[in-house]
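Shown below, as structure tokens, is a lone chain in the form predicted on its own; questions about how it binds or moves come after it.
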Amino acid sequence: MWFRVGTALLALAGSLATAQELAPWSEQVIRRHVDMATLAGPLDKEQLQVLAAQGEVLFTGRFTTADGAGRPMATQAIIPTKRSRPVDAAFQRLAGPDANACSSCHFEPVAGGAGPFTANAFVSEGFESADFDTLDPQFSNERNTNHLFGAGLIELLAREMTADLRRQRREGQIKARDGGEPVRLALSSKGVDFGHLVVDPDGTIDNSEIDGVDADLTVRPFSQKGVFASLRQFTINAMNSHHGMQAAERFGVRWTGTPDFDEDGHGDELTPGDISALVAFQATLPPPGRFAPDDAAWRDAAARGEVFFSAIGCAECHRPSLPLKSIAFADPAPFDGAGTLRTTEVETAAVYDLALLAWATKLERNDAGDYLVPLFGDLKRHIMTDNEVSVFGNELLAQRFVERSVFITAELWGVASTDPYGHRGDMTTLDEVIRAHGGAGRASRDAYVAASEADRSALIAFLQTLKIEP
């Protein structure tokens, strides 16, 4: 698909040229690197389709050692970190590499989807301590694979929420400075409350009352703990961790002083343009939708179940929709940290206007013109255990300073297509995972358990209509 070259595609197609043409039987997945310099400003529909198609090639391609797969002298850590000794095996289920392709784990019901229990990943604390050779839960947490459908909309929501929270902080600092006395301000965005800040006149900030977001007020919507701010950051991490494919923007000369940090004989394995293509593929995946059952009894039960879902408080965290002002996706993103390319580090960011895509026309809009993203989530972290219901408290290792009992609200769109459930993927039914809710979800869980069988069945009937449509 990405070899079509109409007038509008010539510049982008030309950017996919490598130093030499590869034979058709070459065992390399990456036949052409995307030139980041050609990705600036708004892409038209055809250009976006071409870029996303190249991203799909990279997402579904089974990387080989000819591409640079494997990392004999590099760990899976987010910060480029050398191993203490060369790895003994190219593939293993410990600290990776543990998959040939992104779609090796993200494949149900189609590429970009979720994964079964057998596709679980083993996640370390994430920064430097990632050179281990055991599955002991003291050193790694076992995590099920999430789906990526609607991921572009999720990131855009997070960006707008981050901007809202930081604006509120700035306004509080100005008010405290001008008024000469401390200001306690409520933090909220899109109807989701994130606690409070106390700002002193000298600019000192007390973060102790912040709830569900990091102290830097960056909403990080990706991973089950909510620790990654962008698809770009998530992709760079995963490419190194699971495939041993290093992105030049983090593992290249700028940060490590060498183009071949993992010492596998292949330098600059993924260019910034390649990462952009992967981001474009994920960001343009359509959001999950509502399945309309042919069975009249199911339709009736689902309607009752949706009402019951809200009545017992599930919708307080699993919000049916959040408003989004713009669906123009700028890449790279504005709020990433060092080692992930940011908007300020390129002359002009590329813009993927999701409104160009057919699925965007199906998004509802409110009276203000905002798009209503039907995610059934709130992009906020919550404590999910208590002294009586502690099923989700089975991890021993904190990740990125997020407490072991804290998880981001799982978006329920697509939930009917992505069993098994729970962060470990060890719950086979929706009934099980609802009953496992403690902490912030305890009241709703108790109401569900105490309800009649008919009400519980109706709620399941409703959730079973939230599907990923291939």
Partner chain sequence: MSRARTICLGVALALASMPAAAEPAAAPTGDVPDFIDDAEAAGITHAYTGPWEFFVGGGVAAFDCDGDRRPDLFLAGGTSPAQLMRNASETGGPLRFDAVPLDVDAKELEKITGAYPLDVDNDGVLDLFVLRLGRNLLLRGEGDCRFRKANDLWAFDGGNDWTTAFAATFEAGQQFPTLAIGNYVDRKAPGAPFGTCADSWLARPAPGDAPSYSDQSPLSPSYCTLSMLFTDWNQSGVPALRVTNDRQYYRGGQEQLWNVEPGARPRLFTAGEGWQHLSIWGMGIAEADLDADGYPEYALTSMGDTKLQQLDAEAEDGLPVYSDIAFQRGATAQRPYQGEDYRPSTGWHSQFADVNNDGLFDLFIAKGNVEAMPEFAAYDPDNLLLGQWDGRFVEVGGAAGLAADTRGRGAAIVDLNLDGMLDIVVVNRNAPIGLFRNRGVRTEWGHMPMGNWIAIELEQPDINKVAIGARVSVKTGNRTVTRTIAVGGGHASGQLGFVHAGLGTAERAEVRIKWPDGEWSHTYRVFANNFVRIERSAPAAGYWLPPPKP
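All of these numbers come straight from a predicted model, not from anything done at the bench. Residue numbers count along the first chain shown, from 1.
Below, we turn to the form predicted together with the partner chain, even though it does not appear here.
- Residue contact with the partner chain in the model of the complex: residue 233 places a heavy atom within 4.5 Å of it.
- Mapping the unseen interface onto this chain, residue 339 counts among the residues with a heavy atom inside 4.5 Å of the partner chain in the model of the complex.
- The shortest heavy atom separation between residue 118 and the partner chain in the model of the complex exceeds 4.5 Å.
- Of the heavy atoms in residue 160, none are within 4.5 Å of the partner chain in the model of the complex.
- Shown without its partner, this chain lists 307, 90, 174, 186 as candidates; in the model of the complex, only 174 has a non-hydrogen atom within 4.5 angstroms of the partner chain.
- None of 326, 207, 366, 100 but one reaches within 4.5 angstroms of the partner chain in the model of the complex through a heavy atom, and that residue is 207.
- With respect to the partner chain in the model of the complex, the three residues 170, 253 and 400 uniformly fall within 4.5 angstroms at the level of their nearest heavy atom.
- Remark: of stretches 351 to 359, 239 to 247, 74 to 82, 310 to 318, the one touching the partner chain in the model of the complex is 74 to 82 (heavy atom within 4.5 Å).
- Contacts between stretch 436 to 470 and the partner chain, counted in the model of the complex as any heavy atom lying within 4.5 Å, involve no residue at all.
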